[in-house]
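Below you'll find only one chain, the form predicted on its own, shown as structure tokens.
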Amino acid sequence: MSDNMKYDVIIVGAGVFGMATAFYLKQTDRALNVMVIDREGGAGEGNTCKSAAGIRNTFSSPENVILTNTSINKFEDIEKKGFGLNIKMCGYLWLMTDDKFKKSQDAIYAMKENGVDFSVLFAEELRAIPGLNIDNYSSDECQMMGLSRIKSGLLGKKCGSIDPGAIVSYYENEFKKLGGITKFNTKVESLILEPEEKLDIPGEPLVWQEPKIAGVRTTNGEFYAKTTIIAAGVWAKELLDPIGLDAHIKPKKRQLFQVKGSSLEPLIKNCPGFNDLNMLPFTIIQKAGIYIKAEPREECIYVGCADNIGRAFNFDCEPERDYYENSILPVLVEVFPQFKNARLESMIAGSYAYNTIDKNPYIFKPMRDLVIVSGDSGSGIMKCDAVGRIATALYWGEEYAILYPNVPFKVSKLGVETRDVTFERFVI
């Protein structure tokens, strides 16, 4: 197909949402002419590859539990069939003070009601974690930072991590096997907004004309499609704001710091009792949403922080060494003293597309020929299979999507005017 031909569907964004949607569209109808466009040089090279790539079903919202459960089930099936995703079901562990545990009771009760598999660990059980400081928080530094004794831990069982590049590659490969087209190194600059019937009047579409999205303008020319799907993460806002549509998301920087050192080795590969891998679970410590993720293949630990107040909503994607050294490290060395002797090896930064209202994804159709897939709120990878299926069902006008392996999900739940979801209370 030449580039100047009209496609059935153009998908803007080759991250996990875009590629999963592309694959399921082609799977439902191989005759569809579907093209995925991305500004980067390959699939998943934007914010997908900058993710901590955790996977978990420990959510209080029943919708998020379904989206993650079914997606994780699909990931495990993919790996069983021989496509390596480097899934490590190491668990998710929240280290909690007494106050934090009490404040989390509503969310914990909701998880029980939603059938989430987790256990509450007492402080004595947590002492098996190499180097973890349970009790000693009486110093002036700890008092200044508001750190206090760890009283318990919440361990999610159907949780762990995945290779973000591998899962997006799986969808890309399957999409291309079905005849799908990708176009990389092509930035979408704007949507082509036209009237249904052109009259060649300056300023079209005029207020009395029926508008339509005819395709996209890019750095490599214009491409036309019957339907355009925006799965561009934080950049959806840049495309929708100019035509007066709300993406219902805000961009917020998230950073990952790769830390190495012999003092960290016990956490990486000698932490028995919490999973079959003898490694530290994906761990969220008690203060400010700081988390650590052991990565045995790279012999390192990735460190991140889900800071909120004080972190602007913007498109800043520059990593900050000072942020690690002055904000994160002082807390880390109190909770895990072995980080004193570790070194910062590298750092990256990307952006989360935050749904600031209820922390569930948005999948909606504001115009007949436009679909929006966004609002992952930092948990896009762990929901991507379900999201791709729901976006496909919305494209076809179906009331229900069938999530893996055979779970019906009402498409309108993740819409805007038809929205019917529960506010998510258990976020990092």
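Position 1 is the first residue in the sequence shown; the rest follow in order. Everything quoted here is computed from the prediction, not taken from an experiment.
We do not show the form predicted in complex with a further copy of the same chain, though everything after this point is about it.
Contact annotation for the candidate site: 244, 287 and 367 all lie close to a further copy of the same chain in the predicted bound form (heavy atom within 4.5 Å). Of the listed positions (181, 110, 357, 192), a single one reaches within 4.5 angstroms of a further copy of the same chain by any non-hydrogen atom in the predicted bound form, namely 357. Contact between residue 323 and a further copy of the same chain in the predicted bound form is found at the 4.5 Å heavy atom cutoff. At a distance threshold of 4.5 angstroms between non-hydrogen atoms, residue 330 is in contact with a further copy of the same chain in the predicted bound form. The closest heavy atom approach of residue 224 to a further copy of the same chain in the predicted bound form falls outside 4.5 Å. Put simply, residue 407 is far from a further copy of the same chain in the predicted bound form: not one heavy atom of it is within 4.5 Å. Between 115-123, 267-275, 140-148, 71-79, the stretch whose residues reach within 4.5 angstroms of a further copy of the same chain in the predicted bound form through a non-hydrogen atom is 140-148.
Heavy atoms closer than or equal to 4.5 Å to a further copy of the same chain in the predicted bound form belong, across 408-428, to the residues 416, 417, 423, 425, ordered by sequence position.
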